[in-house]
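Okay, so here's just one chain, in structure tokens, the form predicted on its own.
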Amino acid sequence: MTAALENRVWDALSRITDPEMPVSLVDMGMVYRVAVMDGAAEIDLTFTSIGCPAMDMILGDVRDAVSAIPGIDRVELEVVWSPPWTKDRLTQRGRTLLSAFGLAL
């Protein structure tokens, strides 16, 4: 059951896009860890910069999406800065989408 809930959390996170680019948090490589235990979803995530103006909005989107999953009673978010985010964390899908958006990688 825990693995199924973790998969649902990852799926929910893959539908949340960065507000500045049409790429999900997962494809951006911003989600570092997901763990589910006893109804609690623990998520470690980072941002592309420490001064990200959309940080509160993204955290709210994550909290809303994950708390809507049946079987998740609480969402614990941890913003981590180590290791720092780099473009090396992008998935291949993320690279393709960003290139299509006109960004050089």
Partner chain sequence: MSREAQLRSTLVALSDSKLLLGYHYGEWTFGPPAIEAGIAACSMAQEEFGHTRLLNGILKREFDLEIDPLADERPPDSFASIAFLDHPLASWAELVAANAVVDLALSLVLSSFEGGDFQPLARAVPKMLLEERFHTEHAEGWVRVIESGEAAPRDALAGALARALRDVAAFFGPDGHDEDLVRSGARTTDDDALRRRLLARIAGLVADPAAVGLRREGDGWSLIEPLDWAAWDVERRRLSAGGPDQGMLDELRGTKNVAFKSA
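All values derive from a computational prediction rather than experimental measurement. Positions refer to the first chain, counted from 1.
Same protein, other form: the form predicted together with the partner chain, not shown, and the subject of what follows.
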{"item": "Contact label in the predicted complex: V66 to the partner chain, heavy atom within 4.5 Å", "value": "no"}
{"item": "Contact test in the predicted complex: A35 vs the partner chain, heavy atoms, 4.5 Å", "value": "no"}
{"item": "Partner contact for P22 in the predicted complex: the partner chain, 4.5 angstroms, heavy atom", "value": "no"}
{"item": "4.5 Å heavy atom contact, S82 and the partner chain in the predicted complex", "value": "yes"}
{"item": "Contact assignment for the partner chain in the predicted complex, among I72, C52, V62, V31, heavy atom within 4.5 Å", "value": "C52"}
